[in-house]
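Listed next as structure tokens is one chain, alone, in the form predicted on its own.
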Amino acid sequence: MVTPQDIKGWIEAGLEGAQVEIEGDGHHFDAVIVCPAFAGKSMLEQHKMVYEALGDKMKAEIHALSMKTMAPE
């Protein structure tokens, strides 16, 4: 079963400088992600960057992920 710590590690590995907070029950997760790379990007672009960092894990291992994304400023 996927843990919040797993998802946190995957996102942080894929998005340099990201600060990630994850809560969840193994099936549904809520994430707050602050990353310098999000600066100047739309919410859709930010979420796409997170999905890219997670790769195939979004299709197989993570069933539901709700995200709040923002740049540090």
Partner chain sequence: MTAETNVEERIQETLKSNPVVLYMKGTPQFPQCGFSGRAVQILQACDTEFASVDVLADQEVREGIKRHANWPTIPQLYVNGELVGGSDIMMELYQKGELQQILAGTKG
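Predicted model only: the values in this text are computed from it and were never measured. Residue numbers count along the first chain shown, from 1.
Beyond what is shown, the protein has a form predicted together with its partner chain; the following relates to that form.
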### Message
I'd like to check something about A53: if you look in the model of the complex, is any of its heavy atoms closer than or equal to 4.5 Å to a heavy atom of its partner chain?
### Response
no
### in the model of the complex, Q5 touching its partner chain (heavy atom, 4.5 Å)
no
### Any non-hydrogen atom of A39 within 4.5 angstroms of its partner chain in the model of the complex
no
### Query
At the 4.5 Å heavy atom threshold, is V34 in contact with its partner chain in the model of the complex?
no
### Query
What residues of 55 to 72, in sequence order, lie within 4.5 Å of its partner chain in the model of the complex by heavy atom?
M58, A64, L65, S66, M67, K68
